[in-house]
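The chain that follows stands alone, in the form predicted alone, written as structure tokens.
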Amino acid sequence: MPKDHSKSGTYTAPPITGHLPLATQLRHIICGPETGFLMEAHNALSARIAENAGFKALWASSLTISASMGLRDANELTWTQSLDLISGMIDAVGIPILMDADSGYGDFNIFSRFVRKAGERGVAGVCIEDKLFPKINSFAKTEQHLASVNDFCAKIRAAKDNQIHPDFMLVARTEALVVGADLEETLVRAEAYYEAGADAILVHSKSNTAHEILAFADKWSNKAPIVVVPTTYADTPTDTLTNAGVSTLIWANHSLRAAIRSMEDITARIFKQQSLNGIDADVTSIEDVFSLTDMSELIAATKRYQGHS
């Protein structure tokens, strides 16, 4: 759907002609004239499924990647482990990935090194949140603490100075509303992050309505693109958010949550009935698995390379 506002006074999205670098594609999605939608992926298979569904960009969620490894979303997974997993996603798809980089894995020096390495791996952009390291998931029922504005801005400046592609996206996520701060502090933080060089602002809320997001967007006046994660206010119409000035929406954890429910159901049924009777009707076929993993290409390559004596 078209946006009725300009998302950035400092960037004009180029027309999509031919194959653009992944970082440029992501910048076009977040900063361009159309509403952007990013789907969560936590491994190469979920990334390919999202691409096949039609999504033009992915959100590599720290929550779902950690959970897929049996870990908590509390920096228990190192950034090198995360990059290794996301590299598999990059290999599997042809669309850009915005990586959830938590609170930056340490100070400005650690974060700037991470940004260089992420760019080398093909990550199109990163999102960093203004909480202390180690961070814990925003919805965990525990006390949350924000980093100082100065420390967080240092990370942003260092990251922008060390990115290896000019269109690499740095999305600054403020958790001010999550920890109970008021709208004024949220705006002050967002302004500071924008001035430090952030390409977009992700304003997060765990309210069950979008009133905090709409109030922020009204005061923000489109200084930079606004990114939101409408997990808790999922009933809010997308038009309501985009008409208020929201640039991009992230569906942040639903692929993993769908997979968990399905796996729990199927494994419980198999355990209870001790047979596969009736199961095939409720699971994907082996042929679909082969299709998702491009088995036909291997068979064709085997004939091509090994078919002659």
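Residues carry their position along the shown sequence, with the first being 1. As the structure is a computational prediction, the values presented were derived from the model and not from experiment.
Although it is not shown, the form predicted together with sulfopyruvate is what the next lines describe.
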item: V203, heavy atom within 4.5 angstroms of sulfopyruvate in the predicted complex; value: no
item: is_contact(M39, sulfopyruvate) in the predicted complex, heavy atom dist at most 4.5 Å; value: no
item: Distance check, S61 to sulfopyruvate in the predicted complex, heavy atom within 4.5 Å; value: yes
item: Any non-hydrogen atom of A252 within 4.5 angstroms of sulfopyruvate in the predicted complex; value: yes
item: Sole residue of S138, S112, T236, N75 within 4.5 Å of sulfopyruvate in the predicted complex, by heavy atom; value: S138
item: Position in contact with sulfopyruvate when the complex is considered in the predicted complex, options D100, D199, D167, D130, heavy atoms within 4.5 Å; value: D100
item: Which of 27 to 35, 62 to 70, 259 to 267, 241 to 249 sits within 4.5 Å of sulfopyruvate in the predicted complex, heavy atom basis; value: 62 to 70
item: Neighbours of sulfopyruvate in the predicted complex among 162 to 195 [non-hydrogen atom within 4.5 angstroms]; value: R173
